[in-house]
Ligand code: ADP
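What follows is a single chain, given as structure tokens, in the form predicted alone.
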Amino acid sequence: MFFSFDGIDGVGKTTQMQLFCHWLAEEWQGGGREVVTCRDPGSTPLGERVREILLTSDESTPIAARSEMLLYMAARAQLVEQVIRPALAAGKVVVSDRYLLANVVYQGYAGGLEVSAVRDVGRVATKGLSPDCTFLLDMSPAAALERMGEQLDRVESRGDEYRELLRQGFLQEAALLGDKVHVIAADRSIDEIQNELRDIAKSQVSN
């Protein structure tokens, strides 16, 4: 089983994913199914180096939108080959902090690249591997920004208009992808959100 978490920055992905993975480990411990967590980009030596470039580069190292997209895809290709596919093949449960949906939205809807082209490159990078279930945490960009504090990385600091484009892109993609993407209202208590995630996961496993 392959789960992913996504959404604009500040919606609480990290907190919810940590709680969810802890619950999964306890829930499925009796069945001997190990839970493997990863972040995209990252979780491999190559992915972590690419992540550093993408999130910390300043004006002295300009990165065009198409170059940015390809860097993300390179990191993801390595993540799939080195971590995700081997884990799934071994019967483990994989939970990823972001996946291809993020690129489609960040570089496509909000970044100006052709959305279908980003999807096509993504299919090549992942060899068509997609999550069984994606949790899209959703809330207003203004409310999400309030949670983030003052230390913003290269992508987070792109402004209010960009964040609104991201949100609308995520919601449009969710509508297109149907049952594989579950939109979760993230402007509620941690427990309310977590309970909904767990209920969805239980229904996925029973299907």
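In this text, residue numbers run from 1 along the sequence as written. Here the structure is a predicted model, which means the values were calculated and not measured.
What follows is about the form predicted together with this ligand, which we do not show.
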Whether 35, 94 and 131 jointly form a contact site for this ligand in the model of the complex is the question; each needs a heavy atom within 4.5 Å.
no
Segment assignment from 140-148, 170-178, 65-73, 38-46: heavy atom within 4.5 Å of this ligand in the model of the complex
140-148
Heavy atom of residue 196 within 4.5 Å of this ligand in the model of the complex
no
4.5 Å heavy atom contact, residue 184 and this ligand in the model of the complex:
no
Decide whether residue 188 counts as a contact residue for this ligand in the model of the complex under a heavy atom distance cut-off of 4.5 Å.
yes
Counting only non-hydrogen atoms and a 4.5 Å cut-off, give the residues of 1-15 close to this ligand in the model of the complex.
8, 9, 10, 11, 12, 13, 14, 15
